[in-house]
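Below sits a lone chain in structure tokens, taken as the form predicted alone.
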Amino acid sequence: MANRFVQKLQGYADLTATEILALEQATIHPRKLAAKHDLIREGDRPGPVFVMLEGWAFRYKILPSGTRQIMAFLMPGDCCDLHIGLLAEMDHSIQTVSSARVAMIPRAEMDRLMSEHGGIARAMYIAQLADEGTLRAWIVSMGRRSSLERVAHLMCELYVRGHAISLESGNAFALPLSQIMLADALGMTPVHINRILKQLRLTGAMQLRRGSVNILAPAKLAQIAGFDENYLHRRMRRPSSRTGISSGPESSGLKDL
């Protein structure tokens, strides 16, 4: 079975065979976790670096009113909190969406991997910059994009990220996110999310089904979203394996596959 973590980092830097082996050894004993399991909670002391090998998770905060804001979705291949160990406590929580296999790399071991392997260090730093770019894109969505643009943009983003680690099949990919989770991520109500998803289906751009989404017209969805993938900082854009994404400023984003 492919190691999604290695696969993702190879998209950011050229890794040697030794570096690939080191990453595989560091993640060789993952834990199997159930859905809705908190990997770590707000207020906890930061621990190891979590690596999602299978399954999805999300970062979230619970407000005093009891409402939840989701701040990021973690897909297979993503890792959590490279430098959070410098802080005294977590300022948010991380929970699994679905059943998952999660490797836990001790902080000292991650420091050693990055110190001894320049390729791993470079890939990890670029991955962190991509995470920060994604957070900025979410802030723009919450502040300036319409509800329709916001939902379309998130779907484009998840599709591109999934393609990078071969999660998609054609124009479809598994999406284990409920409408409530989408609402909590996009600052909307579930009723509003449902209305927007119906609107996107009627445009012929995409269709969300339970557990999966089908991007029916990639270019149209990107045009609705005003999507440009440059904030994801993907290194590999070979024409023979395109996602249909263009990073140029003149592009709307997704192209017909």
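None of the values given here were measured: they were computed from a predicted structure. Residue indices: 1-based, along the sequence shown.
There is another form of this protein, the form predicted together with the DNA, and it is not shown here; the text below is about that form.
The candidate spot formed by Q25, H29 and R31 is out of contact with the DNA in the predicted complex: none of the three has a heavy atom within 4.5 Å. Shown alone here, L232 lies farther than 4.5 Å from the DNA in the predicted complex, counting heavy atoms only.
Put simply, V191 is close to the DNA in the predicted complex: some heavy atom of it is within 4.5 Å.
Among heavy atoms of R45, none comes within 4.5 Å of the DNA in the predicted complex. Contact between R201 and the DNA in the predicted complex is found at the 4.5 Å heavy atom cutoff. Only one of 120-128, 70-78, 177-185, 90-98 lies within 4.5 Å of the DNA in the predicted complex by heavy atoms, and it is 177-185.
Put simply, of R41, K61, H37, R195 only one has a heavy atom within 4.5 Å of the DNA in the predicted complex, and it is R195. Annotation for 128-149: interface residues with the DNA in the predicted complex are S146, S147 [heavy atom within 4.5 Å].
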